[in-house]
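Consider the single chain below, provided in structure tokens and representing the form predicted alone.
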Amino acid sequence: MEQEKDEVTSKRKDDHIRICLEHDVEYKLHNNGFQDIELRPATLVNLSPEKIDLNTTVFGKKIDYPLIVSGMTGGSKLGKQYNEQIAEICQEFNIGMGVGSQRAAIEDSKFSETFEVRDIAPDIPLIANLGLAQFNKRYGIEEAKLAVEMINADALAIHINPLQELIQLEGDKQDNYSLEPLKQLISNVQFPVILKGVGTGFSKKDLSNLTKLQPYAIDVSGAGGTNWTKIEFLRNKSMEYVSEEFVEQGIATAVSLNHARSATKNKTVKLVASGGIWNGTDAVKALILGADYVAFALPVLRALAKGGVSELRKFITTFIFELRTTMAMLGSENLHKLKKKRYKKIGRRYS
């Protein structure tokens, strides 16, 4: 019975990767919202992109760029391969990395090795990952500490994904909305905790409630990138008649980020922008809107599938080039000055 359960868990992890690579898993009714943000670059530029200073700190560690590869893999042989490749590139560029949900390894330690990358990336900020649904059902401080210790992580991300859990064949379908476990967790652990969405964004009320818990950071993970509801819908044959409108529910990343900036004003809570951060220009807009860091996952997975580590290196290099050059056009030589730049919001959905 346990072996069958292990096989189901491992297959689910591989299903996620396969579906991301073989199907259109992006939002269709939503874009990330950054198209509605109009920058005001200069034509006469007196700043070389090479002089742009992008270094910052996270969890007390210095990183060369405000970038994090979001947690998405682990729990299978293929997941292990991708985690190791991602770790190699993150170490090379000195940027942050998250691993996928460690639920499989908490329930069976044999999966632990699929998440372990410290031997490959000894210096980078590394983020462990568990789900709020499991904390509402049975997990506690012990499991949180185990996830961090398992991979020698610097922080723990708690992903909040009620809609995904409801559609997922193996999902926890009850009591996955209470914030009480988060309150207890954040108050009783020594490591930083990130409260993370899964591609549907957070409302104003959500962000107000999450901010009150005083986490280290909130990752808005808005609509416009990978649609995890759609991924689970593609796995669950009993859901074949679910409407597109249902699957496409979510708040655009830029909109959720804008609300998050208001909710965390005068607070120490950091903000991570993820959900359709496809390029360096999206990153610049996210940073101007208030993000301290930007995170991405699907383009990383696609680059690895296309050409392994060398292709991922090419993607990250291009991403950074675009980020630097756009900042140079705006006359911003560092992240502090970038955040003071003016921009124009087009449309009314940011109110």
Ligand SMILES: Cc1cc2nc3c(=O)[nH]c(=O)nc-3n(C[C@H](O)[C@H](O)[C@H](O)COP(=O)(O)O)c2cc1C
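Being a predicted model, the structure only gives us computed values, none of them experimental. Note that residue numbering follows the sequence shown and begins at 1.
The form predicted in complex with the named molecule is left out here; the points below concern that form.
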(request) Given that the partner is absent here, state which listed stretch (210 to 218, 182 to 190, 195 to 203, 119 to 127) has heavy atoms within 4.5 Å of the named molecule in the predicted complex. (result) 195 to 203
(message) Only one of 79, 71, 96, 250 gets a heavy atom within 4.5 Å of the named molecule in the predicted complex. Which one?
(response) 71
(message) Quick check on residue 67: any heavy atom within 4.5 Å of the named molecule in the predicted complex?
(response) no
(message) Under a 4.5 Å heavy atom criterion, is residue 338 part of the interface with the named molecule in the predicted complex?
(response) no
(message) Can you work out whether residue 296 and the named molecule are in contact in the predicted complex, taking contact to mean some heavy atom pair no more than 4.5 Å apart?
(response) yes
(message) Please tell me whether any heavy atom belonging to residue 135 falls inside 4.5 Å of a heavy atom of the named molecule, as the geometry stands in the predicted complex.
(response) no
(request) For the heavy atom contacts within 4.5 Å of the named molecule in the predicted complex, list the residues of 91 to 107 involved, in sequence order. (result) 100, 101
